[in-house]
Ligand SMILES: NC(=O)c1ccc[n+]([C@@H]2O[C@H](COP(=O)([O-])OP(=O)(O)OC[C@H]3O[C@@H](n4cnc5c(N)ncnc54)[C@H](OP(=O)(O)O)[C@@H]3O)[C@@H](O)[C@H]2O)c1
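Presented below, as structure tokens, is a lone chain in the form predicted alone.
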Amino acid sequence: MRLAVTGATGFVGGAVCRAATAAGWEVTAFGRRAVADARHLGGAAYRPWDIGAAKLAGPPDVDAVVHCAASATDTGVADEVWRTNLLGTHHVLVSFPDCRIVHVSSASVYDPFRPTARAKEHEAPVSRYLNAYAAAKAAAERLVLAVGHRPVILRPHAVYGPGDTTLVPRLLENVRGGRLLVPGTGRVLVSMTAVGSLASACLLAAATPAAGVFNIADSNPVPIDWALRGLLASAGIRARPTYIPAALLSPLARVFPGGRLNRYVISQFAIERSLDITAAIDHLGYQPGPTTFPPP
């Protein structure tokens, strides 16, 4: 199997490269950096490519593309988020017009204004979002489904694991005096996604005939307080979650939308965010494991 992976120098893209090379696939990795650590890529061949700037010159002959590149921020500059997440996706599609596209999207495309309890794939995208990241991801999904060749869209939520550059660092921004400030009660359920499981799902999607949209997560949702304590402990961080009622934070989040506890963060922590993964199990052969946090 010949595979191209975008965003290969990132957390998810690197995991996909390592899984694919370990499976004996021929992998060409792409990223914005001039050079990349061969160990991070599992020894895959590497080529620099800023997907937001232009289509790829001289694309390799591959069977499938796993598109992991994204601007994964909820408070970043909107122009950059749209440039990478939507224009970049367009450049990937036109660079590989006859290849199977596996687009790694996000569960952020589900409705931020209501709980998503075991959300099914048809419930998104929706008409409005709280930030540019979710809106751009939703627009990119529509584009991939409209023009992609036998496309598969994967929607993970709260991806975690060794080498995480997003989830735990975001949590650290809200640690104060040994306390992690969190909106809500900590009792709602959340679907987590182990990065290794997501990488496995990407390879299944690249190699199987199924097409469409699939939620990807661990086998069962867990209480958010349990998940946060596990993440902190696995990262060696001595802090405990302290919960702030969402009703107290919401007015402040509207006045100071760029703050660390903004409306998007409140929507992710204070209400249920769980996914139905039946379709991925039935159609991709996805085999999820339970949410676990190994010690540091």
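We number the residues from 1 along the sequence you see. Given the structure is predicted, the values throughout are model-derived calculations rather than measurements.
The discussion below concerns the form predicted in complex with the ligand, not included here.
*Asks:* Residue 26: heavy atom within 4.5 Å of the ligand in the predicted bound form?
*Replies:* No.
*Asks:* Though only this chain appears here, would residue 104 touch the ligand in the predicted bound form if you measure heavy atom gaps against 4.5 Å?
*Replies:* Answer yes; at least one heavy atom of residue 104 falls within 4.5 Å of the ligand in the predicted bound form.
*Asks:* Just checking whether residue 286 would be counted as a contact of the ligand in the predicted bound form - the rule being heavy atoms within 4.5 angstroms.
*Replies:* Contact with the ligand, no.
*Asks:* Using the partner position in the predicted bound form, report whether residue 280 sits within 4.5 Å of the ligand, counting heavy atoms only.
*Replies:* Although the ligand is absent here, residue 280 would stay clear of it in the predicted bound form, with no heavy atoms inside 4.5 Å.
*Asks:* Please name which of the stretches 104-112, 174-182, 142-150, 124-132 has residues with heavy atoms lying within 4.5 Å of the ligand in the predicted bound form.
*Replies:* Careful reading of the contacts points to 104-112.
*Asks:* With the distance limit set at 4.5 angstroms and only heavy atoms considered, check whether 118, 190 and 221 all reach the ligand in the predicted bound form.
*Replies:* No, none of 118, 190 and 221 comes within 4.5 Å of the ligand in the predicted bound form.
*Asks:* Scan 199, 138, 93, 158 and let me know which has any heavy atom within 4.5 Å of the ligand in the predicted bound form.
*Replies:* By the 4.5 Å criterion, the partner-contacting residue is 158.
*Asks:* Just to be sure I understand the contacts: of 99, 72, 86, 213, which is the one whose heavy atoms reach within 4.5 angstroms of the ligand in the predicted bound form?
*Replies:* That would be 72.
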